[in-house]
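Next up: just one chain, as structure tokens, the form predicted on its own.
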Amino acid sequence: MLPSSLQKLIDELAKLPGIGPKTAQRLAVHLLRSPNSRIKPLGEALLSLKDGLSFCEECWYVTETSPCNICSDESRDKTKVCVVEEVLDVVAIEKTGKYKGLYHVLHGVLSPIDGVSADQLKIAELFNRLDRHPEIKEIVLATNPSLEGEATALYIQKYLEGKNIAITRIARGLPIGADLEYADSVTLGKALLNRTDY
């Protein structure tokens, strides 16, 4: 029904995470209506996305140089490594200004249903890194509180049992401004278990 070039764009946009078929259609039609002066920079940015970018050989964060700026920053606490699922998790934690250690990006989580096993993630690279750097004394597990995130954190924790490395987990609970009556029971329960001195 639609011209093939427009349908192809819709199909490609729909493959992106968080973009469903309807959103893909709206985006494609928006781009169709946009002047070339707006579309051309988008196309050039997409085509040059990977030029000059790679992943840090230490932490697997996206970078233009390896090791990345975080790993090579002498002011960072080299005894702590925060393990996250994705590159954007590093960005989110850095925005808080509360963490001054290093990172390790797994590039996903364990998900047997989706066919994602440990050898498809950067878990072995994490364990090798710990062997190469005995100065690392704490692993902060900051995977999402999903079933897959918890399974991944547990996998890492089990491997590190008996090693001279502290394993911590980011706290979970209620967000600022949330109402208790609207919180689900799991989140409220975690908030109670992770309570701190006031």
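The numbering used is simple: start at 1 and walk along the sequence shown. Bear in mind that the values here come from a model prediction, so they are computed numbers and not experimental data. Here the rigid core means the biggest group of C-alpha atoms that line up within 1.5 Å when the two forms are laid on top of each other.
Quick note: we don't show the form predicted together with a further copy of the same chain, though the next part is all about it.
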Picking from Leu154, Ala166, Leu42, Leu147, the single residue whose non-hydrogen atoms come within 4.5 angstroms of a further copy of the same chain in the predicted complex is Leu42
Pick from 138-146, 50-58, 156-164, 169-177: which stretch has non-hydrogen atoms within 4.5 Å of a further copy of the same chain in the predicted complex? 50-58
Ile123, Pro134 and Val186 - do all three of these have some heavy atom no more than 4.5 Å from a further copy of the same chain in the predicted complex? no
For Asn194, is any heavy atom within 4.5 Å of a further copy of the same chain in the predicted complex, or not? no
Leu102: touches a further copy of the same chain in the predicted complex, heavy atom cutoff 4.5 angstroms: no
Using the partner position in the predicted complex, report whether Asp77 sits within 4.5 Å of a further copy of the same chain, counting heavy atoms only. no
4.5 Å heavy atom contact, Asp73 and a further copy of the same chain in the predicted complex: no
Which residues from 1-25 come close to a further copy of the same chain in the predicted complex, meaning a heavy atom within 4.5 Å? Met1, Leu2, Pro3, Ser4, Ser5, Leu6, Lys8, Leu9, Glu12, Leu13, Lys15, Leu16, Pro17, Ile19, Gln25
Core-aligned CA displacement of Lys50 at least 2 Å between the shown form and the other one: no
Taking the rigid core as the superposition reference, indicate whether the CA of Leu13 shifts 2 angstroms or more between the shown form and the other one. yes
